Ligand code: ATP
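Single chain ahead, written as structure tokens, the form predicted on its own.
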Amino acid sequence: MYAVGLSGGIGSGKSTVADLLVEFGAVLIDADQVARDIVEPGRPVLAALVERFGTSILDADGHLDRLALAQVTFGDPDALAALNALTHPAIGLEMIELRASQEHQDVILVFAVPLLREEHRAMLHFDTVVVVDCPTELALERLVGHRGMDRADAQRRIAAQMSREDRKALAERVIDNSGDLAALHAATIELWEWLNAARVAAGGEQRG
């Protein structure tokens, strides 16, 4: 197994790169998906959230109502800290367990982590970190034009994230996504070839 941490700011194209890598043969562990999975009905984290914030955060079917949860934590530092304390360790544990399930497979295992920090590298034992990057203004235009987000909301989300410089400082390889989709596809092919060479150098099997 060759473990890759993949990150990028909102609107950078990280998810597109992740999807392409899966098409090429990578195995993906998506932190956002893990965060959704751990709060499914019957999971201990959901029970803990209900105990802390009340049943108003559930919808009629007993699933987590993310909007309702956001409303009770927005602007309340104590509530937000409680939310993070209940969810972040569980997300980390789940990702560690998913990594362990692939430990003896000869695969490129990609962890898509939106807010990747140095402690994630240590916790999940990444062999390398890749960051997808684009200018902030371009990311903003993509969020507004492609996702239909409110401009002010998109600006707040971008401002709340780690800076481009700090993200890139964590990376062994940076993918420039300031061009079109064809350019990103070509860059991801190059990345895939580079990752395979690194995997082989680390002891994986040569393929193709």
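Quick note: we count residues from 1 along the sequence shown, nothing fancier. Values in this document were obtained by computation on a predicted structure and should not be read as measured data.
The discussion below concerns the form predicted in complex with ligand ATP, not included here.
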Please determine, with the chain shown alone, which of 140 to 148, 163 to 171, 40 to 48, 61 to 69 has non-hydrogen atoms within 4.5 Å of ligand ATP in the predicted bound form. 140 to 148
Taking any heavy atom pair closer than or equal to 4.5 Å as contact, tell me whether I10 reaches ligand ATP in the predicted bound form. yes
When the contact criterion is heavy atoms within 4.5 Å, does A198 count as touching ligand ATP in the predicted bound form? no
With the partner left out of view, is L191 within 4.5 angstroms of ligand ATP in the predicted bound form by any non-hydrogen atom? no
Just to confirm, L181 within 4.5 Å of ligand ATP in the predicted bound form by heavy atoms? yes
Contacts with ligand ATP in the predicted bound form, stretch 49 to 82 (heavy atom within 4.5 Å): none
